[in-house]
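One chain follows as structure tokens, the form predicted alone.
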């Protein structure tokens, strides 16, 4: 895939799937804006990718409209516009439905769904000018339910249908797609899932066993799928929710 000269903003790219996607774009010739909530996390993300003139920091919190506008403004100014927006910032906690409080609900919806919505809105003028495209990071939990992740499922289900709605509304000038990963070997999955379990070894094995392909995805695998949807190879693809889940949403065996 070729992205020479393309200007890319990846939210939540200081680590995890976002950083993996940023590296794929960078390696393919793009200039990339790296986003974290704090200056320290944004700079750490830039440094983890080797620094240089093709990387810029675009710090801000996607959970607020003001934050989304600021992130996009910094990225667009530094890069001279935008061709691609990747909404990768996300949070998720395993909490039973009956124990899910307002604070957890608000944080999950604000980051995962509200942040995606308003980052797209903030980037719209730039993407109209460049006839660019958007790739959102949803989840297999946006396609099927999962015990202990009700708020997360609600947020990611919203991202999936938002993607389809925007694909219709912004066509033909702007393509909008999303990826729906299964479990990915990121610090979020380990910190907020595996490591919190009473038996982390058993918890990790359960995640491995949940996919017919019997493993957890690597961040780069999701990053390359994001890059595909953003590339000219996918020029006739819009409104797609691409599952990259090792078969978890295929049904029961």
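Numbering follows the first chain given and starts at 1. These numbers were taken from a predicted model, which means no experiment stands behind them.
Here the subject shifts to the form predicted in complex with a small molecule, a form of this protein not shown in this document.
Contact annotation: residue 62 falls within 4.5 Å of the small molecule in the model of the complex, judged by heavy atom distances.
Contact annotation: residue 48 falls outside 4.5 Å of the small molecule in the model of the complex, judged by heavy atom distances. Among residues of the shown chain, residue 132 is not one whose heavy atoms approach the small molecule to within 4.5 Å in the model of the complex.
Among residues of the shown chain, residue 152 is one whose heavy atoms approach the small molecule to within 4.5 Å in the model of the complex.
Contact annotation for the candidate site: 17, 90 and 139 all lie close to the small molecule in the model of the complex (heavy atom within 4.5 Å). Residues of just one listed stretch (161 to 169, 117 to 125, 81 to 89, 97 to 105) have heavy atoms within 4.5 Å of the small molecule in the model of the complex: 81 to 89. In terms of contact with the small molecule in the model of the complex, the residue from 55, 227, 184, 194 that brings a heavy atom within 4.5 Å is 184.
Only one of 44, 26, 211, 189 lies close to the small molecule in the model of the complex, with a heavy atom inside 4.5 Å, and it is 189.
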